[in-house]
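Quick heads-up: it's one chain on its own, the form predicted on its own, in structure tokens.
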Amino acid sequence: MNTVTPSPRSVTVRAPAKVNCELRVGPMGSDGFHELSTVFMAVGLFDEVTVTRSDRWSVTTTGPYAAHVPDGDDNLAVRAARLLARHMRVPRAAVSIRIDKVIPVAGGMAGGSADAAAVLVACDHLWGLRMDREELLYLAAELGSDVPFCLAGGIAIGSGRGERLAPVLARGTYHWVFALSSEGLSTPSVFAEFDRQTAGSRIPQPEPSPAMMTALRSGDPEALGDALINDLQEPALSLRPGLRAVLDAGMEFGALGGIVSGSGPTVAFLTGSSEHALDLCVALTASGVVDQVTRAKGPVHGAQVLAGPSRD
């Protein structure tokens, strides 16, 4: 006798933060966006997102950054759920979304993008869509340039605006320390500062550097530390001069490399081991130059189901 599987009531998904090991910014295109070449690494700092069937759309956020997350239709997680529902013509699609927020907001670590990726995966399971991964990645790119990578995870090269991904053959596990700021930085403001600083200069087409690719293939953290580079770092430092003292302190305390992640203000330091990362956390905290520090390793998987579906 055939049995009917009850409809899922809720699904919980976790999605990782990212660090840009390399971010090269090319000339601005006719669409007003810069061509990018970036090397993403997903790291073990996660937001957890629970999506539950409901009679109305809603989003609530818990955690240390909850006050900085919008609670209306402009929330990227809500936009992700609505986009998927429209695309797949899901009837009675309203859901309540709960975000347990650990990734900083406006910190250059793709916190909002991680939540959007988590909602795409969660709603795909909740509604029983079983979508093809490529179709989910297509929808993710409509939401934002970092969302596809938060779906995919691992290590990847991003091109275009960062949404076109190519996996990187890499070895090793890398231990990071992140110096977090209590106040975020606006990505458009950082790009505007980049435009101001490079006005009149010829900007080459961006591409991954041989040094970065060699370092990742070898699994050598020292080589990776030497290869870290971000064209948005100087603009971010111009807007937030105090970050330079954070970078200097991390390097003085023995980091293998330091870089502003994405558009900042998070500063990422690469270390040689878990013990080295712990020592650096202690030293940075004692120095008083950082608001908060945390550590994580990478690469890790992209958005994954943790719990559910629970049943009615």
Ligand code: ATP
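Since the model is a prediction, treat every value here as computed from it, not as a measurement. When you see a residue number, it is the position in the sequence shown, counting from 1.
Only in words, not in the display: the form predicted together with adenosine-5'-triphosphate, which the text now covers.
Novice: Using the partner position in the predicted complex, report whether Ser159 sits within 4.5 Å of adenosine-5'-triphosphate, counting heavy atoms only.
Specialist: Answer no; every heavy atom of Ser159 is more than 4.5 Å from adenosine-5'-triphosphate in the predicted complex.
Novice: With a cut-off of 4.5 Å between heavy atoms, is Pro104 one of the residues that contacts adenosine-5'-triphosphate in the predicted complex?
Specialist: Yes, Pro104 lies within 4.5 Å of adenosine-5'-triphosphate in the predicted complex.
Novice: Report whether the minimum heavy atom distance between Gly63 and adenosine-5'-triphosphate in the predicted complex is within 4.5 Å.
Specialist: Heavy-atom contact with adenosine-5'-triphosphate at 4.5 Å: absent for Gly63.
Novice: Residue-level contact is defined here as any heavy atom of the residue lying within 4.5 Å of adenosine-5'-triphosphate in the predicted complex; does Leu76 satisfy this criterion?
Specialist: Within the cut-off, so yes.
Novice: Have a look at 168-176, 205-213, 96-104, 123-131 and name the one stretch with heavy atoms inside 4.5 Å of adenosine-5'-triphosphate in the predicted complex.
Specialist: Residues of 96-104 come within 4.5 Å of the partner.
Novice: So adenosine-5'-triphosphate isn't shown here. In the predicted complex, which residue out of Pro27, Pro70, Gly44, Gly254 has a non-hydrogen atom within 4.5 Å of it?
Specialist: Selected residue: Pro70.
Novice: Ok, Leu143, Leu228, Met109, Ala236: which has a heavy atom sitting within 4.5 Å of adenosine-5'-triphosphate in the predicted complex?
Specialist: Checking each option against adenosine-5'-triphosphate in the predicted complex, the one that comes within 4.5 Å is Met109.
Novice: With adenosine-5'-triphosphate taken in the predicted complex, which residues across 10-27 come within 4.5 angstroms through any non-hydrogen atom?
Specialist: Going through 10-27 in order - heavy atoms within 4.5 Å of adenosine-5'-triphosphate in the predicted complex - there is one hit, Lys18.
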